[in-house]
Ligand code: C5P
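First comes one chain, alone, set out as structure tokens in the form predicted alone.
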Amino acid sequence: MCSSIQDLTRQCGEAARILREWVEKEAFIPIFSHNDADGLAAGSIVAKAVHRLGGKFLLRIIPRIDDRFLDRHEKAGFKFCVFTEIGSGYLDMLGKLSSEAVLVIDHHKPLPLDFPSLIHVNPHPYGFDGARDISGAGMCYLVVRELSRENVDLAPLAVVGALGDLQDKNEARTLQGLNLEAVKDAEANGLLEVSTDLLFYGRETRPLPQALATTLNPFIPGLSGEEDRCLGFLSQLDIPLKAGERWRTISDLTPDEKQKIFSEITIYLSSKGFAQNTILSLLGGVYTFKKEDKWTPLRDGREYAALLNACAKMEKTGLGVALCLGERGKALEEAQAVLNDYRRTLGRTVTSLMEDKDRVKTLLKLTLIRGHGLVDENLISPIATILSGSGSFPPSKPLLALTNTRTGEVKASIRASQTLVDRSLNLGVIMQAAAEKVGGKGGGHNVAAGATIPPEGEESFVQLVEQMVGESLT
């Protein structure tokens, strides 16, 4: 494995060298990144590094690469371009570009393709799993770290990207693998402190009832999205909710008070039939950014990631990028408002889906969720994540969620437990193959993947996915 790290580092160094050459040659660098928290962090890491080299950049956040994108790209006439946290699954399309050089820095499972203008940095050929060992932002950090040690101050963004990509989905709820490169750099430079605690959202910023109500992973039926009920739940525990006139936060609680809350939630979730591992996901690694102001959401890694994810899913990507590049004040206030709206929307939508039994269908090898007309295309991925971790559906089956897009296509998102992945299930491969058979495009990680398909191929697509899942698990 050591040689694999060395080989990957050399590839990162080669990518850094080429990036520097093009900055010196062209000065202007177009960067295209994916529209999620990891993508915003990844694109911002490269943009910041380009700026430090004296170059200018255009950073565009995109949901996918399709023919419309390629047409616009070709009209712009870019000689060099960078794709961050997106591209490895679209090499067949990027190979059509007339650019002299195309740099792809990604962590998704790549297509087995190459073309002369491609510079490709991806962890999979070196034996690392992009679904859990390193995020797209982490890969970008490894590249820009090779440009200059000055860029170690971008390590916190790599941590944010990894948390936004849910790369802490293990029993300890901590980052692992190559993600630890950024964690260790950030700790060594006094930028990060890592501890273990309750993982309620808003641990430093939100009153206890709000923190519990806005915790969606795992989704707690009757409490998530229900602040009044959370107030009643906490009041029964005889834990002071205020210190004088100020509402207390999770960070204000004593260890005994935290244990009491956790014990009561454990009893509550157990009564609802939740598995033990789902309950334990309320505990995990806390990533505190020491240079950020106290009592702001950017001080906590998961809250930072949640802000970026909300900006991405609510089509406020410029706002998310502004935060990554250092804007605070008004930008932070606006992002918090976007997050509040996003969480309310998610909570309402998840509740509606779970109450409408006609939208949920249990197939032989899948749980199928049809969100057509209810779930916005930008929300289908986080909703699939929430539902798959809610404990309301059998962990022995992947959860496939569908909805319609604004352009008339069908967007699919699928999630599976690590247990199924350990049995050789690879959702990224399945979604890629099934989507291509019906004229669509798909891909992703072994544990989480997505696709966009034509509407007339929806039923065939579902049947193909179920068949492939069954074949993988026999």
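We call the rigid core the largest set of C-alpha positions that still match within 1.5 Å between the two forms. All residue numbers refer to positions in the sequence shown, first residue = 1. Predicted, not measured: the structure shown is a model, and the values here were computed from it.
Not on display, but discussed next: the form predicted together with this ligand.
- Contact with this ligand, judged by heavy atoms within 4.5 Å in the predicted complex, is confined among 8-16, 21-29, 460-468, 447-455 to 447-455.
- This ligand in the predicted complex comes within 4.5 Å of no heavy atom belonging to Phe219.
- Put simply, Ser388 is far from this ligand in the predicted complex: not one heavy atom of it is within 4.5 Å.
- For the chain shown alone, Ser44 is not a contact residue for this ligand in the predicted complex, no non-hydrogen atom being within 4.5 angstroms.
- Among residues of the shown chain, Ser33 is not one whose heavy atoms approach this ligand to within 4.5 Å in the predicted complex.
- Proximity to this ligand in the predicted complex, defined as a heavy atom within 4.5 Å, holds among Tyr201, Phe83, Tyr90, Tyr342 only for Tyr90.
- Contact annotation for 174-194: no residue has a non-hydrogen atom within 4.5 angstroms of this ligand in the predicted complex.
- Superposition on the rigid core between the shown form and the other one places the CA atom of Val429 2 Å or more away from its counterpart.
- Shown in the overlay between the shown form and the other one, fitted on the rigid core, is a CA shift at Asn446 of 2 Å or greater.
- Relative to the superposed rigid core, the position of the CA of Val121 differs between the shown form and the other one by less than 2 Å.
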